[in-house]
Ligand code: GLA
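In structure tokens, the next block holds one chain alone, the form predicted on its own.
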């Protein structure tokens, strides 16, 4: 099948309805507390890292002052363990008074004043996964209105301490309740992760109508093996998962762990590239106050972000899985462009992989290539011409691929800055 035919099939598949809040037309981006900071509530002995308003204010400052916000990282997301162990006298959730003494509305205003958005965590069950008050079916409307009153911009609704029947009722109910508040609140559903992630237990058509994004699989851990297991599950099931994604509704393979303790630089580039190919939400879970420069460079790479944020919103696919340990991934992008990722699972040495664009189902023609991580344009390639990429162990080579004829036409329109802006990749104006 030619890439043009595949592109048409994929583009048609994104036409179903999404949650009626107008949000997250491209995958949401931001920072999320869970993987890095978990349920650390010991503010007496670990005040810098405990789940408290100070932690989220610190991360909001970093997003606003260190160039993240301008790249699209706009959400500051609270996860579990933020609340008091008891609801208030009116049956409303309330934050822990010691760790959030100023209250959530104050924190929301602090975040909003910096041009950012605040996300919060809830659980459709008797308790959250950390043992805090959950949102039972009779509390759905109350909690949705509470979040709206507080100025919340996104809700992640987990599924601990609930059953399949309660989830089937509760997740759509919360969607309606959030819409009823009149406040645009992005809605992240963990429903499919609690039902195995696949049909017949999971109805992705319904999910696309009630949720902006959803967790399909287990939590990511701070290790390369965890990244691999998640990527394998998503691409092994791509025929089911890929059609479910599109503007306003995204599969969520969980957080970026780049800048923590478990990944090398090459593995960090691999996670970023694979998540971009998957059109995945990009929620970092790290300590932005002490992030090393190499991790920052990966997370702030404008080319990867532009591919992830492509407005067409088509999730990419794995094309080839070689016995050599090399895998090739492809994602169609706006204006006849595409992204290619060459990934090596090998652990021995850089591997020289030979192929051609024709073998990767590209139509006849000449293509311009931009190497995302080298941040430079390569020589044009004919579809029939073999080429070799050298891929580091557990690393990637990531290309932005564009028809040369169309590129020449756009260069006439947009000028010589089409692909270079200083030392950074500047995507074409139409992306």
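Because the structure is predicted, anything quoted here is derived from the model rather than measured. Positions refer to the first chain, counted from 1.
The form predicted in complex with the ligand is left out here; the points below concern that form.
Exercise. Is every one of 121, 130 and 215 within 4.5 Å of the ligand in the model of the complex, counting heavy atoms?
Worked result: Answer is yes for this spot.
Exercise. Here the chain is shown alone; which of 74, 310, 79, 153 has a heavy atom within 4.5 Å of the ligand in the model of the complex?
Worked result: That would be 79.
Exercise. Which listed residue (158, 260, 327, 143) meets the criterion of a heavy atom within 4.5 Å of the ligand in the model of the complex?
Worked result: Here the answer is residue option 158.
Problem set entry | Options 215-223, 341-349, 289-297, 135-143; stretch whose heavy atom lies within 4.5 Å of the ligand in the model of the complex | Of the options given, it is 215-223.
Exercise. Hey, in the model of the complex, does residue 194 get a heavy atom within 4.5 angstroms of the ligand?
Worked result: Yes, contact at 4.5 Å.
Problem set entry | Contact of residue 34 with the ligand in the model of the complex (heavy atom, 4.5 Å) | Yes, residue 34 is a contact residue.
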